[in-house]
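First, one chain by itself in structure tokens, the form predicted on its own.
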Amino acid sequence: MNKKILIIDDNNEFRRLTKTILMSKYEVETAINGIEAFTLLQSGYMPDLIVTDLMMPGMGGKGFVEQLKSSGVFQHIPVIVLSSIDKSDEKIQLLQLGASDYLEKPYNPSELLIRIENIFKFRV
């Protein structure tokens, strides 16, 4: 059975591009912001990994990671943050909140796939 990945991004192009890249290896579901993602999670959808954008209306990536990692039910799900924000302090803060990785947009598709594979391979 393929691993399941949830992509959260309000930008249609990035969401579709990321979904297309990941569909060859994984079952992919999408959401347009953190609110929609939590609705999916609370309805029973349990991904093996989440890829989220940082800047989104409603609930952005930072708020989503904070809420996810403070929940008892979903805190184990690894999260990769994708963002066009290239600020070291922002990356550090997200990693401290519990994000597994941070990748800048535009990203290299091969690099994203390798980072996902490494998370799955080395996850305890």
Partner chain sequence: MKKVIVIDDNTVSLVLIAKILNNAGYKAIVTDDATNALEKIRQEKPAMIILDIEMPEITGFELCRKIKTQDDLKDIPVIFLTANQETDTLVEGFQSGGVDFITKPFRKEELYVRVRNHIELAESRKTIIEMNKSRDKLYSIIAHDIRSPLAGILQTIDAIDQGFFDPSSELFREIIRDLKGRTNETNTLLNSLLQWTRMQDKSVALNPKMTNIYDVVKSCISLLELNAREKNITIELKVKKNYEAFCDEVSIHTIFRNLINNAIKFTPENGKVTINAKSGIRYVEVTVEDTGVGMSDEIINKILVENEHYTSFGTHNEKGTGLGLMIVKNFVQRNKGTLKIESKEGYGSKFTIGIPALPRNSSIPKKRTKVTEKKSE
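These numbers were taken from a predicted model, which means no experiment stands behind them. Residue numbers count along the first chain shown, from 1.
Absent from the display: the form predicted together with the partner chain. The rest refers to it.
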Practice prompt. Using the partner position in the predicted complex, report whether D10 sits within 4.5 Å of the partner chain, counting heavy atoms only.
Written response: yes
Worksheet item: With the cut-off set at 4.5 Å between non-hydrogen atoms, does M46 touch the partner chain in the predicted complex?
Response: no
Worksheet item: Taking 4.5 angstroms as the cut-off for heavy atoms, does T39 touch the partner chain in the predicted complex?
Response: no
Worksheet entry | Heavy atom of V73 within 4.5 Å of the partner chain in the predicted complex | no
Fill in: Full three-residue contact with the partner chain in the predicted complex, heavy atom 4.5 Å, for I21, P106 and P109
yes
Worksheet item: Of the listed stretches (27-35, 73-81, 91-99, 55-63), which one has a non-hydrogen atom within 4.5 Å of the partner chain in the predicted complex?
Response: 55-63
